[in-house]
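Quick setup: one chain, the form predicted on its own, written in structure tokens, and binding and motion questions come after.
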């Protein structure tokens, strides 16, 4: 059976998914039982594309653009089976417009895949309840550690209980802290991260800890600790501005920790023998403290164009299974 995908948001992530999807499909590496294609792309800057050629994609230019209401109408009228929502994160506006895009897709019988942390961290239960009543799926692996296994490891471990998580969930800040340990100032390290494309021009979400906090909330939502949902307002959040190298043989990392009662993101001094002290550069790491297997650790890239696109392929596989 032929399945169709609509991409909403054709920035770095949307383009990365499109390129990876076409590459893997051409090489016969998409292990899905259904034939599937990307049939539509909608972007606030580039407009609405249907029946497009590869040449058109390679030579896209900004047009008149689309209003948010026009994007919603396109989602409503589309005949696709799956909507991939790749727009920007907005935590100040209650995860809009991404939340509305996703709800409109579900309302019209379409599964959703997103890499947008906002709706999953701030409005998780609304989305899941709405999707469940319609027997549809909302998948969001790309919101945490890109394509590197994280909370989705639990699918391989039936019945396991996670008592606590700890980790490094932001590659930008980890890169900056690694450079600080190498003798650079915070300002020098941030400038270098921006020059390499690891940090945005406005690095607030990363360096002030909010990106890591959103990911921590998402993981706790998935784990479902006795119905407890950590929220941004209750979390202890501290960023890394003005940090300096630790002189005593330890290192400082931006560590997330969460259990059933408390969640935090803050710079933490760890001994060099700690496994998290060895996570350098833009790598991420997640420790899951479990009831039957002790501590499980997953380490790998936590961001990147192709790495995040790989997470979308993972989600796509679960929807089509």
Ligand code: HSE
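Numbering follows the first chain given and starts at 1. Everything quoted here is computed from the prediction, not taken from an experiment. Just so we're on the same page, rigid core means the largest C-alpha set that superposes within 1.5 Å between forms.
A second form of this protein, the form predicted in complex with this ligand, is not displayed here; the remarks below concern that form.
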The stretch from 131-139, 232-240, 204-212, 158-166 that lies within 4.5 Å of this ligand in the model of the complex, judged by heavy atoms, is 204-212
Partner contact for residue 302 in the model of the complex: this ligand, 4.5 angstroms, heavy atom: yes
Please determine whether residue 199 contacts this ligand in the model of the complex, using a 4.5 Å cut-off between heavy atoms. yes
Is residue 87 close enough to touch this ligand in the model of the complex, meaning at least one heavy atom pair within 4.5 Å? no
Please check if residue 171 has a heavy atom lying within 4.5 Å of any heavy atom of this ligand in the model of the complex. yes
Sequence-ordered list of residues in 100-120 near this ligand in the model of the complex, where near means a heavy atom within 4.5 Å: 117
Residue 168 C-alpha moves between this form and the one not shown by 2 Å or more, core aligned: no
Once you line up the core, how about residue 213: does its CA shift reach 2 Å between this form and the one not shown? no
Residue shift check between this form and the one not shown, rigid core fit, residue 190 Cα at least 2 Å: yes
